[in-house]
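Given next, in C-alpha cells, is a single chain: the form predicted on its own.
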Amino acid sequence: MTIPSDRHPVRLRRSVLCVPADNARALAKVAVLECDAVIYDLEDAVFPEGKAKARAMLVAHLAEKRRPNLEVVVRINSLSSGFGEQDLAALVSVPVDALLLPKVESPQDIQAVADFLSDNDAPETLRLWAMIETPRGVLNAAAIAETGRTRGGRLDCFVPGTNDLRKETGVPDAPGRPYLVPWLMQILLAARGSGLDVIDAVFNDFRDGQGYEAECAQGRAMGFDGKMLIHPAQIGPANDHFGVEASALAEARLVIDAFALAENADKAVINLEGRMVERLHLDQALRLSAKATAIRHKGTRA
C-alpha cells in the first residue's frame, strides 16, 4: 500500500540546520553532519556589502557533489531588498530543493517568487518555504498557506521566526514561550489546513542543553515536524525528539494492515480492536510509516 499522491510528499525534516552562506568552513562541514536538511542563509547571516561574494561562494559550493539524503534549502533576501532577484537569478539553475522566503506577509509574496521561477523555467521540483516572522504574517498565515494548494504555488513548508516576532511585538524571551505559543499554534494550524510541513523556530542559546531539550519536547507536542537549528550540537537532540516513537509506528502498522485486508478494501471506517478507525487515520499511518522508513535509510534510530 502506498501513500496517496499529493502535492506535498513526505520529507524527513527533524533537524534543519541554518548555515551562513559566506562561511567556507561551515559550508564544508555540512557534508559530515547528520541533519536532515540545511538552510544556506543569504539573508540575515550576511551583511549587505558581502551579499554578492556570499552568493557566488554558495553557487560554487552547490555545484559540488552533495551529501545523499540531505534536503538543500537557501534562504534568499526579500525581493524588496534589492538582493532577492539577484539571488533568484543565480539559484534558478542550481541543484537546490527549496528556497526559503523571509518575512512573508501575504500570498502575493509567495506568488511573486513562484512567477519568477516559472518565467525562468525553474523545475517544478524547486519548492518554496515561508518564514512567518511578523505580526502581519501571522495574521495572514491561512491565506499564505493556501498558495500551497494552487497550481504553480510551490509552497511546501512554514518556519516561524520567533526572534523577529519578539522584536516586533515586545514579548519577552521567557522559558516555555508562553506569549508566543498562541501565535505558533496559529501558524501550525494554518499550515496543516493546506497540507504543509511546519518547522519549529530556533533556540538561541546552544550552550543551554536542558532548555533546548525542553523546547524540542514542547515543539514535538505542539505538532511541529522538526526544528530549525543554529549549531551542529543541536542536531542529535532534534533527531531524537522529532523522530518516530516505536509505539506510534506499531499502531500505524496495525492500521495499515487492517485496511489492507480484502474485506476492508471498500470501507471508509473499520473496527480495529474495539476502536473506530477512518481512512484519514490510514493516511496518517502511511505518512508516519514513510517517515520511519526514511529514518532507517539514514541509519539513525526511528
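Here the structure is a predicted model, which means the values were calculated and not measured. Throughout, we count residues from 1 along the sequence that is shown.
Below: the form predicted in complex with ligand COA, not depicted.
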Pick from 29, 267, 253, 67: which has a non-hydrogen atom within 4.5 Å of ligand COA in the model of the complex?
-> 29
In the model of the complex, which of the listed residues (258, 45, 62, 277) lies with a heavy atom within 4.5 Å of ligand COA?
-> 45
Of 204-212, 88-96, 116-124, 137-145, which is the one stretch near ligand COA in the model of the complex, taking non-hydrogen atoms within 4.5 angstroms as near?
-> 204-212
Does the 4.5 Å heavy atom contact test between residue 75 and ligand COA in the model of the complex come out positive?
-> yes
Do residue 36 and ligand COA share at least one heavy atom pair within 4.5 Å in the model of the complex?
-> no
Is residue 19 close enough to ligand COA in the model of the complex to count, meaning some heavy atom within 4.5 Å?
-> yes
Is there a non-hydrogen atom of residue 230 within 4.5 angstroms of a non-hydrogen atom of ligand COA in the model of the complex?
-> yes
